[in-house]
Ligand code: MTE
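Let's start with one chain on its own, the form predicted on its own, as C-alpha cells.
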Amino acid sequence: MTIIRLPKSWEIPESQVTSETAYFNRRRLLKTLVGATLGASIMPILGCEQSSEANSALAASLDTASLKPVETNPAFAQVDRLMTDQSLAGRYNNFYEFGGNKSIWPKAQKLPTEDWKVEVTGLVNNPRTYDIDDLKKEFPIEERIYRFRCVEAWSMVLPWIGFPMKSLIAAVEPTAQAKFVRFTSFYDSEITPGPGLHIGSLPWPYTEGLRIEEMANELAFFALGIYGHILPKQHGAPIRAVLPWKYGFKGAKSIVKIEFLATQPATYWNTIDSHEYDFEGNVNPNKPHPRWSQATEKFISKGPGLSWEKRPTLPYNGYGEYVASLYVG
C-alpha cells in the first residue's frame, strides 16, 4: 500500500590541472548549457504541451516495476509544499550524458540497465560488487519525501525509495585512512555522447564526491526508485545518490562504482569550473552563483496549469538541523 501523505501548510520536516584551452572551452559549455537552460528551457513546461504520442511514450518510460509495499520513513514523510507531479518530474531532467537540455528523457531510454553491477572498492575492509537485487535484499528499503534543489534555481519535491548511505558504510567498513568517497556514473561514448557540442574535452565519466562524514549523515540516500516504482532511466536508473541539502549536480546518476579514498577526488562540474560549482555544493541563499542569485527558487508544481512558484531558498534546502554541524568552522 502506498503511504504518501500530502502536507499541511504549516508542516516542515527536509587534482587535476586543466589546460587553458580546455578551460575556456568548458566556460563556453557552461554558458551554452546552463545559461540557456534558465531561459529557453522553461518553454517545454510553460509554453508547449507534448503530443499525445509523446505523452504515451513518456508514460511508458515511467511505468517501471513496482517497489511497493515499502514504508515511508516518518521523519521524512512531509514537506511544506505539494509533491511535484510524476509526469512533470519525468520529463524535466538534467542528465548531461544524454544532452544539455531538460527534455532528455527520450534519449535516456538508451541507457542499458540489465545486469547492473556496482563496485564498492578503495580503502575498505570488505570490498564488494553488488547487483541491484543484492542492494534491495541487504539494505533497509524505505521511502523518503525530500525537497530537491537544482543549482539553476529551480526545485521540486520528490518521493524517493532506497536506503541510507550509512548502511553501505557499515557493510563495507572503510578504514581509518578513508576520508572521502567518489561516485562514478555509467559512461559509454556510443550510448552517452554528452551534450553534443564540439567545444573541447569534458571530464567523462561523470563523477561526484563527498567527505565520508557527509556520506554517513542521516539524510544521505541511495535511491533505487521514485513514485513507488523502480527508477526510470531519465532519473538515473538503476541507482543514484540523493543529497537533499546539496544542489542536484552532487547527486550522481546511474552509479557503477563507489570508491573510498584518502584525498578529495576530482568531480565533473568542479573540474569544469570550480568557481561556479564548488566541491561542497551546499544549498546557500546567501552565496550567489556567479551568474544568478540563489536567494529564491522556482518551485515546479502542477495546478490548473504548469507553473513556477517563486519561493525563498532555505539554507541547506531546509535541512540545517541535520547537516549544519558538518560545516562548523
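In this text, all values refer to a predicted model and were calculated from it rather than measured experimentally. The first residue of the shown sequence is 1; numbering continues from there.
This protein has a second form, the form predicted in complex with this ligand, left out of what is shown; the following refers to that one.
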| property | result |
| --- | --- |
| Listed residue (124, 150, 224, 216) with a non-hydrogen atom within 4.5 angstroms of this ligand in the model of the complex | 150 |
| Of 78, 73, 86, 93, the one that lies within 4.5 Å of this ligand in the model of the complex (heavy atoms) | 93 |
| Stretch in contact, per heavy atom within 4.5 angstroms of this ligand in the model of the complex, of 116-124, 139-147, 96-104, 172-180 | 96-104 |
| Contact flag, residue 257 vs this ligand in the model of the complex, heavy atom cut 4.5 Å | no |
| Proximity of residue 251 to this ligand in the model of the complex, heavy atoms at 4.5 Å | yes |
| Partner contact for residue 229 in the model of the complex: this ligand, 4.5 angstroms, heavy atom | no |
| Partner proximity in the model of the complex: residue 163 to this ligand, non-hydrogen atom cutoff 4.5 Å | no |
